[in-house]
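Take a look at this single chain, the form predicted alone, given in C-alpha cells.
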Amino acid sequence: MRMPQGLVIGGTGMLAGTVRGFSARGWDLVVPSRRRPRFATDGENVRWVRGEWDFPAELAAAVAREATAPFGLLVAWVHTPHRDGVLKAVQPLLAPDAPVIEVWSSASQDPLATLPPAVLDHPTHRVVLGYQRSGRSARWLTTTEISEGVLAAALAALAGAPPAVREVGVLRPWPPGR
C-alpha cells in the first residue's frame, strides 16, 4: 500500500513537529528549505530538498524530482512577498482535491485583520498564530504549540472539514507592541 504523500514548505523550523507528526502517521513527506535542517529529515519517509522562496520554479522542480505521485496535502508557511509565487509554482504538483494548510503569524499586528484571500483553487485552511497569556503578561507560542496546532488543522482538513480559519493561541485582543 502506497503511503500518502505531503509537501511541507517551512517544515524545517517551527513546523518540524508537524513533519514528525505526519511522518509518524505514515506520510511520505518532501520538505524543501534553503539549508539542510538541524533535525534529521532524510530517511524513512521524510526527504529534504534544497529550495529557496526567491526561486519558486527551482524549488518546485526540486520537489517534483522527489515526488512519487501528486501530493495529497500542502502545508505552507511562506512569508508574504514570496507566498503567491511559491504556492503557484507547486500547485501543478498537488492532487486536484489536496487540502492546502497556510500558516500565518504577525509580530506587529492582528494577523486576522491582514489575512489575504487564498491563492490556489484548492480547499484552503488557514492556521493563524497568536500568543498565550500568562498572568498579566503575554508570550509567543512555543514551537510545540505551533506544530500541534498546524497538525490538528491539517488532520481536520484531511478528514473532510470545510475550509476554515483555525486560531492557535489568543488573537483578540492583539496586544499593543506585539
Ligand SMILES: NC(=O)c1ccc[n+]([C@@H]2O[C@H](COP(=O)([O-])OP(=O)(O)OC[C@H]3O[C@@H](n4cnc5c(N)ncnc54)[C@H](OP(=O)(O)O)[C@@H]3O)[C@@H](O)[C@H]2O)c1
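Computed from a predicted model, the values in this text were never measured in an experiment. Residue indices: 1-based, along the sequence shown.
One more form of this protein exists, namely the form predicted together with this ligand; it is left out here, but the text below deals with it.
Student: With this ligand left out here, work out from 22-30, 124-132, 149-157, 62-70 which stretch has heavy atoms within 4.5 Å of it in the model of the complex.
Tutor: The contacting stretch is 124-132.
Student: Consider residue 35 of the chain shown here, and say whether it contacts this ligand in the model of the complex, taking contact as heavy atoms within 4.5 Å.
Tutor: Output for residue 35 is yes: heavy atoms within 4.5 Å of this ligand.
Student: Answer with yes or no whether residue 79 is in contact with this ligand in the model of the complex, where contact means some heavy atom within 4.5 Å.
Tutor: Result yes; residue 79 sits at the interface with this ligand in the model of the complex.
Student: Is there a heavy atom of residue 52 lying 4.5 Å or less from a heavy atom of this ligand in the model of the complex?
Tutor: Yes, contact at 4.5 Å.
Student: Mark residue 141 yes when one of its heavy atoms lies within 4.5 Å of a heavy atom of this ligand in the model of the complex, and no otherwise.
Tutor: Yes, contact at 4.5 Å.
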